[in-house]
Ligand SMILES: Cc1ncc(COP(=O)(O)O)c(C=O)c1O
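In structure tokens, one chain follows: the form predicted alone.
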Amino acid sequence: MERNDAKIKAWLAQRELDCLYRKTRQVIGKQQVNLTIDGQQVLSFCSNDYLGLASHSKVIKALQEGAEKYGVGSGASHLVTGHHYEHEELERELAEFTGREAALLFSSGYMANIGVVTAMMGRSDSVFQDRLNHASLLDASGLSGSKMIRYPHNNMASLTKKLAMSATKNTMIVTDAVFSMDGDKANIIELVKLAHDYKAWILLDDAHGFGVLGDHGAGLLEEKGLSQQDVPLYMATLGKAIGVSGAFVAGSQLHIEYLRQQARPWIYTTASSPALATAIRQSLKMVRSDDWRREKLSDLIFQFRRDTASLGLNLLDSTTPIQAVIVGSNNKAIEISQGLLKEGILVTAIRPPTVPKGTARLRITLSALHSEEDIVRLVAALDKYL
């Protein structure tokens, strides 16, 4: 035991030396762009609450009323007594919103991705992964026992070559829709074509696109006009633009029923609170009706990129709320983040293993709750410290 403790202590000490040690911060109050965190009032550019719904009064009221009517816990897994009317209605509404036949709720996007890949793929199968995919997709491949084949980010020529060389009968292409650390989008049109040509499954993780992309916020598939047949397995989360928590997988009735029987993270987990489902349903209504939120967000993204154009930042190409400034070294990223904090601006330094070595960055995320003045303040601070 002592030898193991010494090894752990040495590992932690090395993390600090490498500027890779990570700590939690304590937020007091509601999730909003103006936060009190670790006792300091800050203007935050770190949240995934893209549409500003996490603390909206209507969503809060729906949660409160749901708790009053249904209690705060579901009491069991979905297949025992945990599946509530509110869950059923939410699944129906999510399926209808995304243009799919059915949907299945999960407690998190991580669990949803693991549930899908481990249910659909096995030891004799191959899963093709973009190198910048979320950790949950990579872990899902490992847990499924399938052969994981990674291709360079958004490199369709490389993926085509790897698919052509594969002798596996059952294959799956999995990809983020919006890459969480770069902010760019998957080349989904080409991916759909390749999946068709090579008779592969395709799973799209739209965690950062759902609610934001598309005319009505139904995500990347709505933006590109792709059907259930084009992308059979669609996953999105409910804790980012939707502002609550959880995730869902949508697809054909056949595929969702199969997951209901086979997806272990869904089968063996207590169902989420019915009150949460009530809150998500209210938030979903606002996503569909409040087009101004997406329009304002788009305006803020344009303003930020326009106003930083003359600063010489290594700003990655992105039209989404995720705006990444590559710094390079871990230490420099931390120093800049700490400098911004002195100005009352919170921007997280993202370092390996979350991003590749040598690409430490500032990950700036914008929200419909930000103002034009907030962007001006952020740009001025970046000009000072970068």
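Predicted model, so just to flag it, every value in this text is computed and none were measured. Each residue number is its position in the shown sequence, starting from 1.
There is another form of the same protein, the form predicted in complex with the named molecule; it is not shown, and what comes next is about it.
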| said: Arg100, Ala218 and Lys224 - do all three of these have some heavy atom no more than 4.5 Å from the named molecule in the predicted bound form? | reply: no
| note | Exactly one of Asn154, Ser136, Ser298, Thr269 comes within 4.5 Å of the named molecule in the predicted bound form through a heavy atom, and that residue is Ser136
| So which of Ser108, Gln228, Thr168, Thr160 gets a non-hydrogen atom within 4.5 Å of the named molecule in the predicted bound form? | Ser108
| task | Find out whether any non-hydrogen atom of Asp130 is located within 4.5 angstroms of the named molecule in the predicted bound form, and reply yes or no. | result | no
| said: If we define contact as a non-hydrogen atom of the residue within 4.5 angstroms of the partner, is Gly246 a contact of the named molecule in the predicted bound form? | reply: yes
| According to a 4.5 angstroms non-hydrogen atom cut-off, is Ser273 in contact with the named molecule in the predicted bound form? | no
| request: Look up in the predicted bound form whether Asp176 has a non-hydrogen atom within 4.5 angstroms of the named molecule, and give yes or no. | output: yes
| request: Given that the partner is absent here, state which listed stretch (311-319, 231-239, 281-289, 138-146) has heavy atoms within 4.5 Å of the named molecule in the predicted bound form. | output: 231-239
| note | Applying a 4.5 angstroms cut-off on non-hydrogen atoms, the residues of 178-194 near the named molecule in the predicted bound form are Ser180
